[in-house]
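Before any questions on how it binds or moves, here is one chain, the form predicted on its own, in structure tokens.
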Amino acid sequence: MTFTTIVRRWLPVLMIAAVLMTLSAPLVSAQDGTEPRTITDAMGRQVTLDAAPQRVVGMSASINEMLFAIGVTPAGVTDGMDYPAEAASLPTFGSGYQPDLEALAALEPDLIVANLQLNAQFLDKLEAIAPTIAVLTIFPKDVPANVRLLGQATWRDTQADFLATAYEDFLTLTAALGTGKEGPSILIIVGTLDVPNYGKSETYLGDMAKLLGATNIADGEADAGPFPGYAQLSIERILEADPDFIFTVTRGADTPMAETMTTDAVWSALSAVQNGSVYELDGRLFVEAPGPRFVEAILQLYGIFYGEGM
């Protein structure tokens, strides 16, 4: 039996065991947090919290999903957040890009967790409302460290550490499973066919695909466009590479790109379109909210690539 076979067979068992350990771990109650703590955030800033916060607000879906994962229900969330289900019933304060600061202040937070990618330019305004720490989550490997950081900031250390360890074990096993795989070639498109952004392996989705052995046809191209990790490709380059799979996340159009391609004279010439190997992905899960659900995203990708569970 090969090592890959062993990993594939035992990975679900190990993940379930790790999650059960997390759920059964004794929590460090927020009410126990009577001693001040100094937190070092993603910017290297040291922020002192006098006691365990009771009203925490995360400035993105990514952060709020991590808070929920360690047992902290935010006092409010950004617009459109619907996972987990209870998030949809919480007060909102605008988007992470353009928060309504008055609505945010009205929530009376005693800790704000900022998203460094979205909020760096107005951290001072957040700090004027409540103590603020910043986190940065770009790749799945960033999730365990940020879960631990949020655990420290909310006095949920024990649960956060168990959860982070489970995530690290999953990533280690995923990397082992992807090593030596003759994975498929892929193309990632975010936006529309008229205004496409081609994701490289230096993106959240691209990194997960690379872990599983995929080859990204945009790798090696210079960054171009509004988002880091994305490039611009000519249609000639795409036709020449003829990727095995195309992953789309449609923004700014009513019709998903995966559907539009089937009736386009150029795109329909690609093997992936002809073989039904174009997948319109959940933008929150695969692009917008890097966080605890990377496990679900990786499992989905593995099934698409190799036609079986991990």
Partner chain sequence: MGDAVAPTSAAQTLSQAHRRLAFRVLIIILCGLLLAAAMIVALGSGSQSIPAADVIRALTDPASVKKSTEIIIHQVRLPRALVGALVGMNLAIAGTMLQGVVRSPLGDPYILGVSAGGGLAAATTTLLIDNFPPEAVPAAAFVGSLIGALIVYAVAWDSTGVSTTRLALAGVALTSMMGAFTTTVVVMSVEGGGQIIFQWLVGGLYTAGWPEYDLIRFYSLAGLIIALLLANRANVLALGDDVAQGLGLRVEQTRFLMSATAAILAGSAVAAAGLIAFVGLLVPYFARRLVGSDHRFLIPASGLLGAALMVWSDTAARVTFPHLFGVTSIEFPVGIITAIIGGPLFLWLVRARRSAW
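Being a predicted model, the structure only gives us computed values, none of them experimental. Numbering follows the first chain given and starts at 1.
Here the subject shifts to the form predicted together with its partner chain, a form of this protein not shown in this document.
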Full three-residue contact with its partner chain in the predicted complex, heavy atom 4.5 Å, for 79, 98 and 121: yes
Among 233-241, 183-191, 113-121, 151-159, the region lying within 4.5 Å of its partner chain in the predicted complex by heavy atom distance: 113-121
Whether residue 128 contacts its partner chain in the predicted complex should be assessed with a 4.5 Å heavy atom distance threshold; does it? yes
4.5 angstroms heavy atom contact with its partner chain in the predicted complex for residue 103: yes
Using 4.5 Å between non-hydrogen atoms, is residue 228 touching its partner chain in the predicted complex? yes
So, in the predicted complex, is residue 108 in contact with its partner chain at a 4.5 angstroms heavy atom limit? yes
Looking in the predicted complex, the residues of 190-221 with a heavy atom no more than 4.5 Å from its partner chain, listed in order, are none
